[in-house]
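The form predicted alone is given below as one chain in structure tokens.
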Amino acid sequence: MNKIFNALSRARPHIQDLHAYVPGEQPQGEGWVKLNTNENPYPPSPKVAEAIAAEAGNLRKYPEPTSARLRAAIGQRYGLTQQNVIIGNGSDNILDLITRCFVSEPGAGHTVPSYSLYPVVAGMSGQGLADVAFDRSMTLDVAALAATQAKVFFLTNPNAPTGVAFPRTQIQAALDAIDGLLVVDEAYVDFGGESAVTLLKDYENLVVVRTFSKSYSLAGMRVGFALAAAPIIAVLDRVRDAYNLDRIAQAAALAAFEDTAYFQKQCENVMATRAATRAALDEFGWFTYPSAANFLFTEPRNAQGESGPGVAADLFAYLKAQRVLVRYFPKHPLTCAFIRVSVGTAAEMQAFLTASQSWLNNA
């Protein structure tokens, strides 16, 4: 006799209502121009391959459990100590640790639109998530942020999906206004944003989260880190999984982090390609937000000068049919008339622009 176990009904009530994070599409097969998940178009530093090869013979041994060498290197770079740094299995892991440790009633908060993982990690806590909505101006409403009374407030800077960056003075104003933790998610800051790291010396309610996925070209390695006051890091370490970063990932991240010349060159390449693509979109007559990230958020207009959700959805589908994959967010009134385009190589961006011009000619 088969014994039935209804897993969903047995799950905790807040998990029953949770919707999993949906990442960008990973296309199968060859021939795609993949501009939908903000991956760096350039390979990581050549020193990464050397570091990985050097670790290949040590895989029978457990990794260093705290990623101590990587913590020390990051701390030194930012004028901090190893006790101010925690390493995660991607920055998503860090966001989960923060939520597990610090989100209690009335819950967390975030700006909308922003990174769609925040509702998932907040939902796992069983607490509420307050929304602070942007309007088209993308102005940060510090008073509304403070009014949420959130125990943890997540703020992407530069914002995703628009790429708009907020100056450090606004981050400081937010820190002064709130009572809880402000988590500044700086996944894209290396492409032209202003980091909040210098504020750590004066604000113990600040956590700065970074990733190796974007500017260091290590999305496939899953390495992230956070900078904060030592007592915050100590609390996060209480719930961090032992050996949460394997030997190869630790070695690869350290090699990439220490090759500063290569890192700077590739960031400059991305920013130059972004500027050239933005100029071409301006020639189309499309509104595009000023971006300090490795993507552009643009509002397409068809040949008749029309914009809106139907136009954006039509362009998205047309590009996909041409095997050019971008991102479309149809569920929010601020995003539904836009597409987000990751900055690829010059050749990839030309393919996107050529396909967009073909859509204009045929729409």
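As the structure is a computational prediction, the values presented were derived from the model and not from experiment. Numbers for residues come from their place in the sequence shown, where the first is 1.
Separately, the form predicted in complex with a further copy of the same chain exists; it is not shown, and the next lines address it.
Heavy atoms within 4.5 Å of a further copy of the same chain in the model of the complex are found in exactly one of 163 to 171, 220 to 228, 72 to 80, 267 to 275, that being 220 to 228.
Interface residue remark: Asp241 is counted as part of the site for a further copy of the same chain in the model of the complex, having a heavy atom within 4.5 Å. a further copy of the same chain is not shown here, but in the model of the complex it comes within 4.5 Å of a heavy atom of Lys201. The closest heavy atom approach of Asp246 to a further copy of the same chain in the model of the complex falls within 4.5 Å. None of the heavy atoms of Ala347 is located within 4.5 Å of a further copy of the same chain in the model of the complex. Listed residues Thr288, Ser213, Ser114, Asn84 were compared with a further copy of the same chain in the model of the complex; Ser213 is the one with a heavy atom within 4.5 Å.
With the partner removed from view, the residue among Pro43, Gly310, Pro330, Gly305 that has a non-hydrogen atom within 4.5 Å of a further copy of the same chain in the model of the complex turns out to be Pro43.
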